[in-house]
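One chain is shown next in structure tokens, namely the form predicted alone.
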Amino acid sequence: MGKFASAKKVLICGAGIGGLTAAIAMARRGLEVVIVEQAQELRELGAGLQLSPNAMHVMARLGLIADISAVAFEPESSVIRHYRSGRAYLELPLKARCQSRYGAPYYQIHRADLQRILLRAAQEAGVEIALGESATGFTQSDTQVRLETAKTTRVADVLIGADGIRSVIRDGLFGAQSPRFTGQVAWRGVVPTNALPPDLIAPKTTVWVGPQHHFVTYYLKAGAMVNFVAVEERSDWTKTGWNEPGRIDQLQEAFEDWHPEITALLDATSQCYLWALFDRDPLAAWSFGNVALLGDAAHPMLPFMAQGAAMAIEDGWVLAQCLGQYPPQQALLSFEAARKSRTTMLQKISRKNAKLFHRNGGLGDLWQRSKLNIAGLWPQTATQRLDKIYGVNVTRP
């Protein structure tokens, strides 16, 4: 293959949401795609995630709307509430507005359900998925990349690191550097709806904000499950896994003086998990030669704007478009140029929300309440800010 030829074979490291989306879009453009995944099997990990209209535009172009809507939940609105009184600071419609304003719905879905849908679509598109292969390093020339795994050596025209915040490919490109602990940890869990008092949880995305904590609830699996994420500031938990078991009694203690809706939900919880939240500063570059990063490997998002999965999905579509239009190295540079300012903006907004949701007591709590009260007085301002996030459709020509 000549130096300026189009890519024919792509290796993707990581079978997460971004890697699978990219693989489907690439394969449907005629590229040979192999995903290398360290897990021995793709099993039910994680919990809920949110697919805002900007992500759903990509899912629509991939023909996956029907599959997603069958297992997802469409919330009526998004609301921010006081942790004790339950008073709503700000509420924005979703179900009634997203389709008309942005041309796509807003869904909440279990990560495993979305991964299963994407995996099937990738396999149907001819993507090879090699499980149980941990990437250990790579080398490249002007026209080729050699990926070393624990099992074998694989050769391709392009290598994409979609392997998360602790990306091996990122370390290979720019040197090893550990992500930064934020001082916050997140509890997560799911509770069957039929285990709760009737109508306890409203059919909304609800963010409860309080001193040094916040709590998020929303439905999954067509309303059959309630997902929660409970974030608190603490420095004694820095384990990196997604599936570290947490103690329910400690979770209940952390939120014991919160609204009865929260305490009743936690009373019905039989299992929870705990993970530390890590962050990285925006990278100066995402690619070098024939190797590039995608999703959390390039721009990890704190979960305070619910855009981590959406940005990885957008990345996958745009990267496939660029590889279909340009020679490999130009394609990767074009991909980075198209995506970097948007993802950097979302990284910054997510960090700001972390501070807004977690003001300490006293003057800090008054500051938090006043800012949220102002937002509630002018909801059109909040809507306009969401327009630059939800209103983007990367699939448009």
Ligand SMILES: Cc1cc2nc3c(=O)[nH]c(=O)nc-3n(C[C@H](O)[C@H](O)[C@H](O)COP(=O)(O)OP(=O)(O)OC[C@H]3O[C@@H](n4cnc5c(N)ncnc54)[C@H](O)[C@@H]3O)c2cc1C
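Small disclaimer: the values here were computed from a predicted structure and weren't measured. Start at 1 with the first residue shown and count on from there.
One more form of this protein, predicted together with the ligand, exists but is not displayed; see below.
- Contact with the ligand in the predicted complex, defined as any heavy atom within 4.5 Å, is confined among 88-96, 321-329, 172-180, 290-298 to 290-298.
- Using a 4.5 Å cut-off to the ligand in the predicted complex, each of 17, 135 and 277 places a heavy atom inside that distance.
- Using a 4.5 angstroms threshold between heavy atoms, residue 162 counts as touching the ligand in the predicted complex.
- Using a 4.5 angstroms threshold between heavy atoms, residue 59 stays clear of the ligand in the predicted complex.
- In the predicted complex, residue 272 stays away from the ligand, with no heavy atom inside 4.5 Å.
- Interface membership of residue 127, defined by any non-hydrogen atom within 4.5 Å of the ligand in the predicted complex, is ruled out.
- The listed set 221, 188, 214, 204 contains one residue whose heavy atoms approach the ligand in the predicted complex to within 4.5 Å, identified as 188.
- The contact residue chosen from 80, 251, 145, 168 relative to the ligand in the predicted complex is 168, the criterion being a non-hydrogen atom within 4.5 angstroms.
- Residues are counted as partner-facing when one of their heavy atoms sits within 4.5 Å of the ligand in the predicted complex; in 306-331 these are 306, 307, 308, 309, 310, 312, in sequence order.
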